[in-house]
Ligand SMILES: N[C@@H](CCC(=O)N[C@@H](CS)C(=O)NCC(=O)O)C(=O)O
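Shown here is one chain on its own, the form predicted on its own, set out as structure tokens.
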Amino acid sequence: MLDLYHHGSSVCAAKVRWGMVEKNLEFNARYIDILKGEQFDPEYLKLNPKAVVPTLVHDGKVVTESTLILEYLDLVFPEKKLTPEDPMAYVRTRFWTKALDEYLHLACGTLTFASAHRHIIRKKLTEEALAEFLASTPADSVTKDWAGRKNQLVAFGFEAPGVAEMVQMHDEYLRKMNEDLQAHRWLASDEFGLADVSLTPYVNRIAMMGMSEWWENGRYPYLEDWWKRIQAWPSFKSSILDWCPEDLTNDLMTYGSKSWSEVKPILGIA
């Protein structure tokens, strides 16, 4: 039995959900509302002490960290693998999953909180509940300093230290995607695979916040073409978009769109 603890807008949860659907795996979806603080429930913390999603429980065995979950699933259920067999395609895939874990995830989290999540949690929570929410983040969470960083992002938004650098880092990896997509149809090769599954939620996050102009109008044309093909992929909508509640989808678009005017100057877009 596979139990997946996840959240509708979590980029890490989205890539695991999509990977499981692509591998034709049945699973029990257990929703954790990370914007209400359900990840801090003591019972969930026993499964995932970092208080993040996703968490996979397979026949009583607990696996955390989204990249590792997908690697685990490819090993345990090899009938339809997402990881390519070709050595160079494998290396290119590992470049992207490594880049996500080390750089892009923090950049995306920073952008998301500065643009939208800071407003969403203020709308959802009372001041007392918000203070408890912020205080509950473990010291070792998304990063070693995420608790303090999140406090700054909620309080100051784009004025928080390091936000511009994180936006530029996000842009750097979109540019790298555009470069790789000049060489082959999908990110790691001419075959759709784990790199595409893993990167899609990070591009989708920008789109859901009304910031698709980031790569449009000839800025990153190969990425724009890839994104159109991703959206047309049969399982994309049901695996990623449909799991995000309507009110959260609307909030991401509303607050994200308002924040685009703060992102554009950082990117040098007129």
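Note that the structure is predicted; figures quoted are calculated from it, not measured. In this text, residue numbers run from 1 along the sequence as written.
What follows is about the form predicted together with the named molecule, which we do not show.
- Heavy atoms within 4.5 Å of the named molecule in the predicted complex are found in exactly one of 158 to 166, 190 to 198, 80 to 88, 142 to 150, that being 142 to 150.
- Contact annotation: Glu65 falls within 4.5 Å of the named molecule in the predicted complex, judged by heavy atom distances.
- Shown alone here, His170 lies farther than 4.5 Å from the named molecule in the predicted complex, counting heavy atoms only.
- Residue contact check for Val11: one or more of its heavy atoms lie within 4.5 Å of the named molecule in the predicted complex.
- A residue is said to contact a partner when one of its heavy atoms sits within 4.5 Å of a partner heavy atom; His105 meets this definition for the named molecule in the predicted complex.
- Taking a 4.5 Å heavy atom cutoff to the named molecule in the predicted complex, the contact residue among Ile230, Ala51, Leu223, Met211 is Ala51.
- Contacts between stretch 163 to 201 and the named molecule, counted in the predicted complex as any heavy atom lying within 4.5 Å, involve no residue at all.
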